[in-house]
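Here's a solo chain for you in C-alpha cells, the form predicted alone.
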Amino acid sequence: MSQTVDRALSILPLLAEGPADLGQVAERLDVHKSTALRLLRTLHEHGLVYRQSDQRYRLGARLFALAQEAVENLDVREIAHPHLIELNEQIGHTIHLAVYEENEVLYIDKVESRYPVRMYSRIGKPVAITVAAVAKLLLADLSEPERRAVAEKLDYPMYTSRSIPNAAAFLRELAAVREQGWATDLGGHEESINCIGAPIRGADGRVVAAMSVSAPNVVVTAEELLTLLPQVRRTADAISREYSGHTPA
C-alpha cells in the first residue's frame, strides 16, 4: 500500500474516536500539517470526512452510506457455504444454515450427510421454532421483551416427550442458550434425531444466522455428537469473521 493511501486510511479510525482538528490529525499521523490538510481535503471531496464549523473534522455521511450498502449486500449464505462444505467433509453429518425472518426461522442452506440415512428438510422451509437448535440461537439474541413477546405467541406442540412444553420453559431455554453461546435439540423434534448449533454474528455482535449439525441416533449418539461442538463453534466463528470483518468475542 502506498504511503499516501496508508496515511489517508489511518485518519478514518482516528475520527471514529470523535472529531479532531488539523493539529491532532497531523500529530497522530506524525506528518506536517500541510500533508495532513491535503489528505483531509481529499477525503472531504469524496464525502468520507466532513469539516465542522469549529474547523474540526469528523467522519462523513458518505462513509456511513457505503458501510450500510456493504452490509445490505452481504450474503451470509454465500460466505458460509464453503465453510459448511469443509465441516461436512470433516464430520460427514447434515449441516443447516438458518435465519430469522418475519417471525419464522428458515433454512437457507443445507449440506447433506454422507451417510445413507438422510434428514427430511428443505431450503426455504420453516423450522420447528420451539425445539430447533438454530431457532433457539436466533431467538436467544433478541432483547428480553422481544423474547417474551415471541414466546407468548407461540404454540408448543409436543413432537416428542423431550419437546419444550410452554412459554416459561422456552424462555428459560433461550436464557441458557444466550448465556452459553450454543444450542442443542436432543430428540426434541424427532426422537431419533439430535442436533447441535452455534451462532453467526455480524459486525455489531448480533446474531445474523445460525448453523447446526444434525445426525440420527443410528449413526452417532447424542453424546458423540456433542463432542463435535468445538468444531461447530470454530466454523461459526470463522464465518462470523469473514462476514463481519471482526473476531467474535
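Here the structure is a predicted model, which is why all the values come from computation and not from measurement. Take the two forms, find the largest set of C-alpha atoms that superpose within 1.5 Å, and that set is the rigid core. All residue numbers refer to positions in the sequence shown, first residue = 1.
Omitted from view is the form predicted in complex with the DNA, to which the following refers.
Heavy atoms within 4.5 Å of the DNA in the model of the complex are found in one stretch of 197 to 205, 176 to 184, 38 to 46, 213 to 221, which is 38 to 46. Although the partner is absent here, residue 22 lies within 4.5 Å of the DNA in the model of the complex, judged by heavy atoms. Remark: residue 66 does not count among the residues lining the DNA in the model of the complex, judged by a heavy atom distance of 4.5 Å or less. The shortest heavy atom separation between residue 51 and the DNA in the model of the complex is within 4.5 Å. In the model of the complex, the DNA lies farther than 4.5 Å from every heavy atom of residue 192. In this stretch, 186 to 221, not one residue has a heavy atom within 4.5 Å of the DNA in the model of the complex; the partner itself is omitted from this view.
Once the cores line up, the CA of residue 191 ends up less than 2 angstroms apart between the shown form and the other one. Taking the rigid core as fixed, one finds a CA shift for residue 21 of 2 Å or more between the shown form and the other one. A displacement of less than 2 angstroms separates the C-alpha positions of residue 238 between the shown form and the other one, with the rigid core held in common.
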